[in-house]
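First structure 1, then structure 2: two forms of the same chain, each alone, as structure tokens.
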Structure 1
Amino acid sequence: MKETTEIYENFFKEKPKYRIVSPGRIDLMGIHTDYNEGFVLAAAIDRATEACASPRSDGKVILYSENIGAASVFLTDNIEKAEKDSRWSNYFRGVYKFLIEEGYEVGGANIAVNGNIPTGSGLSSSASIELAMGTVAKALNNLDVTAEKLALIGRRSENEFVGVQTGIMDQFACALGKKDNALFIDCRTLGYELAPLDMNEVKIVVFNTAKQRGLVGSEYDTRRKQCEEGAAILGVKALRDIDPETFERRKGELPEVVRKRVEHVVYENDRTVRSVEVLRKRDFAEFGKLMNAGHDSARDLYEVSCPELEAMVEISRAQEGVLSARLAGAGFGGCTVSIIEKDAVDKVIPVIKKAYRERTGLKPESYICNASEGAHFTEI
């Protein structure tokens, strides 16, 4: 990736004051559990949105994106949604809008951004951008704001400004990730615990199926509504409140499709809670089984997989040394996440990619990922 300082200097003809790094994330456990106020296990990764920034005194925000190859300008006292070619800037604009609306004193800025997270692939490029923008605001304006609050502002921006009804997992993992650790998040209380991701024995490998997916207009909102319907019938605030025993006793009350969705969420929550202890014991074989069970349930009961993801998962799991393969993020295309024994990594990656290309005609990519720090900044 090109140096972000250089990009900034070329565009603004001055040196930046701050450098911001905001990671993407992988999710290991908890598929579609976050908006059911359930549990997830996720980690920030070493693919990120970077920004270089300096304050301006005129209330103007000039934002240059290297990935888009364009700039967008707005005023902090009147932040509106951008249209057409500038729509990409809404992920940035929304964060500033809601920070200001929630009482934070945020001035103008020169900002250059640059990133290496593939977009629309399940690695949370959008949450990473939102946290980058929140961290720019924090650095430039010396804001007294916690990482949790920036995560909530990021999600609010995505939900209310961009208009995508995601849960809190992505923003939370991008904000609070810790190097060499996964984050076990209670999506109701936003309490979290760290679970070490010891990479001496295994590696986390992401395969990009090269099948684009879109969250807006996808089945995501339908799934949310089906879960809400299930919770309403069972008389609870969210599906997080249903344990497997209660589900088995009362599943007859649910219409067929809703029953399948609820079954996935209830058992996936249960698996996610169990996975933390398994990870702490460094029992990667057992951990891989839980990941695989989560994927299979997401495919069969939650129905968020697709032929390309299935091809990648099936090919991956057939290789010796591959302990797991599951869809990343919302599903419907994008990436898979695998845990692979360290010594097998170099051998299996080319085999998996070749077999996938032969089967689908698509050109996959792979990224070996390390668990990294959440969004942070340094003064230059």
Structure 2
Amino acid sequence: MKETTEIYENFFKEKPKYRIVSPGRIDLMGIHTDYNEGFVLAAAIDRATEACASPRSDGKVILYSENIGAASVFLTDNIEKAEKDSRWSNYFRGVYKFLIEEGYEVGGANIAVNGNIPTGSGLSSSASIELAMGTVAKALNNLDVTAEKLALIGRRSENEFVGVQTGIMDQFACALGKKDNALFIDCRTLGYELAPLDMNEVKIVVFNTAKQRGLVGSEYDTRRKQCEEGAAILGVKALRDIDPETFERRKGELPEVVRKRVEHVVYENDRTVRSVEVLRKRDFAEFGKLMNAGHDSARDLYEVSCPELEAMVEISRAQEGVLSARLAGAGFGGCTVSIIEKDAVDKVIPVIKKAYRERTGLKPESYICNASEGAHFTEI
């Protein structure tokens, strides 16, 4: 990736004051549990959005994106949604807008951004951008704002300004990740804790199936409604409140399809909670089994897989040293995520990609990731 300081200096003809790094994230456990007020396990990764920035005194924000190859300008006292060719800048604009709305004093800025998170890959490039912008504002304006607050403002920007409905997992992972750790998040209370993920023993490897996600919006809505129906029948606020024992006792009260959806969420929450203790014991083999069980449940009970994902999962699991392979994000296409023994990574990746290409005719991509620090800045 091109050096962001060089990009800034070429565009603004000056040296920047701060350098900001905001990671992407990968979800490891908790498939479709977030909107059921459940539990998720994610990690910040070493693919990131980088920014270089300096303050301005005129209230103007000049934003240049190397990835887009374009600039966008807005004023801090009149932040409006951009249309057409500048729509990409809304992920940045919304963060400044809501920081100001919530009482933070934010001035103008020169900002150059660059990133190596593939868009649409399930690695949360949007949340990474939002936390980069929040961290820019914090650095330039010496804001007394926590990482948790910046994550909430990032989610608000995506939900209310950009218009994409997401949970809190993406922004929390990008904001609060720690090197060599996964982040366990309670999506109801927003409490969180770290779980060790030793990158000297294993690597996180993401495989992009090259199958674009389809029907995500309508299928999302359908499954959310099915979960809400299940919660209503069982008399709870959200499926988070049903443990496996209660489900087994009362599952006969549920219509068949709703029962399948509820069963997935209940047991996936249980698996996610157990995964933290498993990681603390450094039992990556057992952790891999929990990840695999989550995928199988999402395929059979939640029905969010597709033939391309299944091909990648099946091929990956067949390789020695691959401890897990499961769909990433919402499913319906996109990426898989695997935990692979460090010494096996270089050997198995080309084997997996070749076999997948032969089976599907699609050309996959792979990204080797480490669990990394959340969004942060340094003074240049």
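C-alpha atoms forming the largest set that superposes within 1.5 Å between two forms make up the rigid core. As the structure is a prediction and not an experimental result, all values here were calculated from the model. Start at 1 and count along the sequence of structure 1; that gives the residue numbers used here.
Taken from the form predicted alone, structure 2 is distinct in origin from structure 1.
The rigid-core alignment places the CA of D77 less than 2 Å apart between structures 1 and 2.
After superposing the rigid core, the Cα of V257 is displaced by 2 Å or more between structures 1 and 2. The Cα position of E248 differs by 2 Å or more between structures 1 and 2 after fitting on the rigid core. Per-residue C-alpha deviation between structures 1 and 2, core superposed: K225, 3.6 Å.
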